[in-house]
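Below, in structure tokens: the form predicted alone, a single chain.
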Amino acid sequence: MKLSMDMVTSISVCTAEDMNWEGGGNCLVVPLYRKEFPLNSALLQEEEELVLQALVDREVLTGAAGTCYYLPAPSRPYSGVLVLGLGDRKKATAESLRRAVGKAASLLKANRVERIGVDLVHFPELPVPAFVESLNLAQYRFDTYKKEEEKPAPAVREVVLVVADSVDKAALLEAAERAAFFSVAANGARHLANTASNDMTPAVLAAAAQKIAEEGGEQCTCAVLDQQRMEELGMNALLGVARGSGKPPQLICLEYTHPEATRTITLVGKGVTFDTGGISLKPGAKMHEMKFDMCGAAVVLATMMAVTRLKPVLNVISVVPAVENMPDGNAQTPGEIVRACNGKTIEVLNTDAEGRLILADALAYAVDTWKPDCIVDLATLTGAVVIALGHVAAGVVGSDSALVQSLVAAGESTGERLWELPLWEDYEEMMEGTFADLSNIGPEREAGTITGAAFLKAFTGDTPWAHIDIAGVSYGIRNKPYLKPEYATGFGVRLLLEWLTGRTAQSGQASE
């Protein structure tokens, strides 16, 4: 399955004097901070300015955060004006702009706008990349299974950034196009995750990875370990999870290398393409959402797709253990003991704690095979993280403080928040098994997110490692208007790309 890059918005930069409104479906976007009147625009014509001022006088327009107003202007060069409420100037952030644009996207769609001119002449402080990425994320639709006539109206395809003469247009365009690329990569992850589980099997996920490698050129290769090879390597933790399914497991290894790289980073993504819980069966309510249990895999693969095009001066390896967790007569049963590929034994007390089992073999294999400078895994691992952090932030746990903090900083930049949880030895002791080295669950209702991470740590050796639990932020988000709750979010793609860009800069400094 191909990850499409077709949603990239065309972006250009010009001055007010050079703005061309030719063609239909144009809209002028005018930013407005809360109660900062009159409207400040270099492009707004007098007639619309008078109408909008009348709306200001009636307090229809206030500039409050996320409030938007669309004024049709069919007889003007532009077809309409959208006033974008930014809220209080002192409280405005990149994330508040993303949310405002997310709300505006529905108005643009309703009015069939295909091209916008964003008046930034008097707003040089606005974080334009946040505007662009929010627009791409908000316009995303998953319509693979819809009839042609049910598919949505055309989206905004062209964004013109109208700026003052003094602005560095080349630098602004580069930043905006980079943001567009990151957000479209995130939409690629969303596409993989939203696909129905009967069409998104471990084999299909492996095919998507192989396609990424084919399109990535000589610097990218893909190897897929089948069941026989995993048996030879002793990956019994992973294979035990897959036993109940008729769909064979896959261990997907995508490798991007750069000839000048001095640093190797490994990304690992949980790829349970459907999770019934196995013999420890989940409740039926909302089980259909368990197609999203491969969101970590989707994020890692979409990130790799972007990496092959960005070509950073890094070696980036992605490892995706892909399985289906089903409860047939061959399925793993509670109480079994399995041996992972690094020799550690595990008591499987709950077959629904399967993500950590497949990640155990994947992490150990990645550390032994590539000996990376650091390793980051992403997984919809625990319901406990939703209890702790809701659907607002992902939990992050790690063995290296600098690594964790660099990921937290990248998340702050992209609006994908991480909250660090502790990993004291007490938590590792809670995962010791009675009859084996480890148990795959800790004490009931105690620090579930942390103990899950403590289990994973046992398979990372001395490699600096961070685990990101994305169970609460991968789907069902309702606090971000630019991410529709019925779709997967792609949480982590923009964060990882921002973070990898930072690693590239450090690598360059180190080589100098």
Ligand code: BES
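Residue indices: 1-based, along the sequence shown. Bear in mind the structure is a predicted one, so any value in this text is a computation, not a measurement.
Another form, the form predicted in complex with this ligand, is not on view; read the next lines as being about it.
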query: Contact residue in the predicted complex, from R112, H258, K169, K282 (heavy atom within 4.5 Å of this ligand); finding: K282
query: In the predicted complex, the residue from I441, A92, V367, A306 that sits within 4.5 Å of this ligand by heavy atoms; finding: I441
query: Listed range touching this ligand, judged in the predicted complex by heavy atoms within 4.5 Å, from 383-391, 116-124, 258-266, 359-367; finding: 383-391
query: 4.5 angstroms heavy atom contact with this ligand in the predicted complex for E133; finding: no
query: Non-hydrogen atom contact V404 with this ligand in the predicted complex at 4.5 angstroms; finding: no
query: Distance check, A466 to this ligand in the predicted complex, heavy atom within 4.5 Å; finding: no
query: Touches this ligand in the predicted complex: A454 (any heavy atom, 4.5 Å); finding: no
query: Partner contacts in the predicted complex for 325-352 (non-hydrogen atom within 4.5 angstroms of this ligand); finding: N350, D352
